[in-house]
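In structure tokens, the next block holds one chain alone, the form predicted alone.
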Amino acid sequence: MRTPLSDNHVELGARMVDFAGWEMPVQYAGILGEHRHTRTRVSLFDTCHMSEFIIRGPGALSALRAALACRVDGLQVGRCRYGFLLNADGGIVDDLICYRVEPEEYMIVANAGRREADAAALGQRTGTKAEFADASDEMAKIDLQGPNALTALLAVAGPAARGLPYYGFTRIEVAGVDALVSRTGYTGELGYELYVAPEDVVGLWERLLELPDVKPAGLGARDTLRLEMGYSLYGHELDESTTPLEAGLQWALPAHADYVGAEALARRSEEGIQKRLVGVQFQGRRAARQDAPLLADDDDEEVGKVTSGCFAPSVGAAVALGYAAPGFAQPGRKLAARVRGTRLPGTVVELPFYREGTARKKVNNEEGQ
């Protein structure tokens, strides 16, 4: 599948790859440069492949309260929250963001590769209580990310773009196009995600790239940026056999226990967690990739596996996320990764690896929540 921006990527010299069934740009001028530009200025990402679902009607809140492991109680119009769609065993069908668009209307934004599974589960769980619609084909999405993102947004949207708190959103006109703009992102930097009609996204993309500070960035930089922040990626850190408890994401779970998977999570919590997500920083630049064994420092005992790894440009060292047995998950614990017969020595560290991100910075007298 191709996004409405595919021809633009090719014209810009992007290297295109298959990602979750979509033809997507992995890089333009180079991953390292795009990563650094996002950390220091502002980059533009095509995220049109993401899935969007609408749940509306008088029963929308009660339907989502049961369908999602997400703190929808108390969610105000104009705010959004991170959460999960779980299976009956507490495993993660997908991770997502829930937007309260109107008092009786919510939007769920989820991963591209999980669209069919998400639609089936959400449709089944909400269908008798509220109206459910897969709106993915009716929306396009691009992301402005970087410390100068607000300056870029103001240049094309004017003062209406001011005042958004972290995980807040609004509907405004951007470069003459009606848009839902949310102060969210996947890079750790100040950022805005722009949802528009598919027929409007090419013109908006081109207008934003006319700004002197804005450059395009691909999936490669998106991955190194999120990994430096310790953000989980579905299919790597998250899957249907992994729970939010194991992934260290229990903070996103609701206080009530009425949602699908809640009983299983309570049972697993009582029985004890068998693996925990850890961040490992290595001594050199060589990276351990997905499925590389994690070893106890003093022998070859396998105590876990790497789920994602790369050289982290903003950290200056190779880093990895992975799952390890609880006894080997404490910060300061020495671990090694085995890569093609070579041991890469490393240390478990507290996440995130990179701590200078601007995502929550105070802007326009609004403090991120």
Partner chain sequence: MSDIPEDLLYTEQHEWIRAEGETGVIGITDYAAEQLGDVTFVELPAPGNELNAGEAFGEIESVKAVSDMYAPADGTVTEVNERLADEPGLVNQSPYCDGWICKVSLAETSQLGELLSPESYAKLLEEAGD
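Positions refer to the first chain, counted from 1. Note that the coordinates shown come from a computational prediction; the quantities given were computed from them, not determined experimentally.
Beyond what is shown, the protein has a form predicted in complex with its partner chain; the following relates to that form.
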Ser182: heavy atom within 4.5 Å of its partner chain in the predicted complex?
no
Heavy atom to heavy atom, is Arg360 within 4.5 Å of its partner chain in the predicted complex?
no
May I ask you to check whether Asp223 falls inside a 4.5 Å heavy atom distance of its partner chain in the predicted complex?
yes
Within a 4.5 Å heavy atom cut-off, is Arg285 in contact with its partner chain in the predicted complex?
yes
Quick one: which of 328 to 336, 44 to 52, 26 to 34, 300 to 308 gets within 4.5 Å of its partner chain in the predicted complex, going by heavy atoms?
26 to 34
May I ask you to choose, among Arg171, His256, Arg267, Arg289, the residue with a heavy atom within 4.5 Å of its partner chain in the predicted complex?
Arg289
Even though the chain is shown alone, can you say which residues of 1 to 24 have a heavy atom within 4.5 Å of its partner chain in the predicted complex?
Arg15
